[in-house]
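Shown next as structure tokens: one chain only, the form predicted on its own.
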Amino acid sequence: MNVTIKGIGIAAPFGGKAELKATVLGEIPPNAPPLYKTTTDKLSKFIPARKLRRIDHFTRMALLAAFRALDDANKVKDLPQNLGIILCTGYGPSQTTFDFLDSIIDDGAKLASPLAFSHSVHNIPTGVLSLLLGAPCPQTTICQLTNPVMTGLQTAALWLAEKRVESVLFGAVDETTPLLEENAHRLAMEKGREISTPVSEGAVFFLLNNQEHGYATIETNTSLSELNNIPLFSHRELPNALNLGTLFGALPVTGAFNLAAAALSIEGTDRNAGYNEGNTWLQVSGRTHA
């Protein structure tokens, strides 16, 4: 699998792409945010507020990161032709799912909230994104707790290799809720442990294609032995010894943040970085931004 990253968009508690890049390059310390909550007020730069009235927080994070990725590639007004959208997540829209279940418990199945149900469907964010972009296109959502980012990348590479699409807007999103935080604390207490990395949330989107120039080219046909003498990225440490685990927090799609960090650290260079997603090593090769 060889795909090129053309644009990166981030919506996270610590900020966006600029803040992550400055942290990775050591320009600012990797200070954990006081609360792992993502603000999406800057979404109004891309979408009128009236169109966002009924859109839930999970979808708003996805929209902000997606539009930022397109904006980063100068493709907001001139969308790529034959675009596909792929979203991966661990828990999906947790809060609206819990709200829907609460409405069943409180009011019975016949009076359950239709709005909460509609937004609890995991493929709603990609549908909303496609609608707001004015671009009907192939789209899919992958929901799994084990290596969702790797599965999403493989799907994106397959679509591009089969020429189903010419570009893929690939994103990874998860959100935190009081119930998830409470259960994480409870499970840690049962095991006699303290939570070292709190439950977090955020969204990362990448605009991918098969062209030469971009932030970096992702290659998965790389063995660990081939990654000797180049920086290695894991989900807990970076080559400059910065620990970004507390910056990102704990969420199933942490891999997308690590991938963004790897790409930003070698932007505009001919250097490589190794990145571990699950049990698969990816080689991220730097390219001159064009």
Partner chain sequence: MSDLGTINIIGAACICAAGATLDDCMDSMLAKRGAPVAPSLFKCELTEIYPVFEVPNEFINNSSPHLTRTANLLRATVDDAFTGSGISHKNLESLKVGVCIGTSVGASLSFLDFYRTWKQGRHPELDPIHRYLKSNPADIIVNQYALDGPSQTVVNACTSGTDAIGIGASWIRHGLCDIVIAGGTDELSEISYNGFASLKITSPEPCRPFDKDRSGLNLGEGAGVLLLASDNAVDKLSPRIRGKVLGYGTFGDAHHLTAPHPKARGLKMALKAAFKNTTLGYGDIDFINVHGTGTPTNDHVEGLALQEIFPTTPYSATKGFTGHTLGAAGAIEAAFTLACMERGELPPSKGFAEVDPGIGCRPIAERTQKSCRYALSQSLAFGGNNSVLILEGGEGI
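Quick caveat: nothing in here was measured; it's all calculated off a predicted structure. Residue numbers count along the first chain shown, from 1.
The form predicted together with the partner chain is left out here; the points below concern that form.
For the three residues I195, L247 and T269, a heavy atom within 4.5 Å of the partner chain turns up in the model of the complex in no case.
Among the residues V149, I218, L207, V128, the one placing a heavy atom within 4.5 Å of the partner chain in the model of the complex is V128. Proximity of V121 to the partner chain in the model of the complex: non-hydrogen atoms within 4.5 Å are present. Although the partner is absent here, R186 sits close enough that one of its heavy atoms falls within 4.5 Å of the partner chain in the model of the complex.
In the model of the complex, none of the heavy atoms of H213 sits within 4.5 Å of a heavy atom of the partner chain.
Proximity of T176 to the partner chain in the model of the complex: non-hydrogen atoms within 4.5 Å are absent; the residue sits far from the partner.
In sequence order, S94, T97, F98, F100, L101, D102, I104, I105, D106, G108, A109, K110, A112, S113, P114 are the residues of 92-115 having a heavy atom within 4.5 Å of the partner chain in the model of the complex; the partner itself is omitted from this view.
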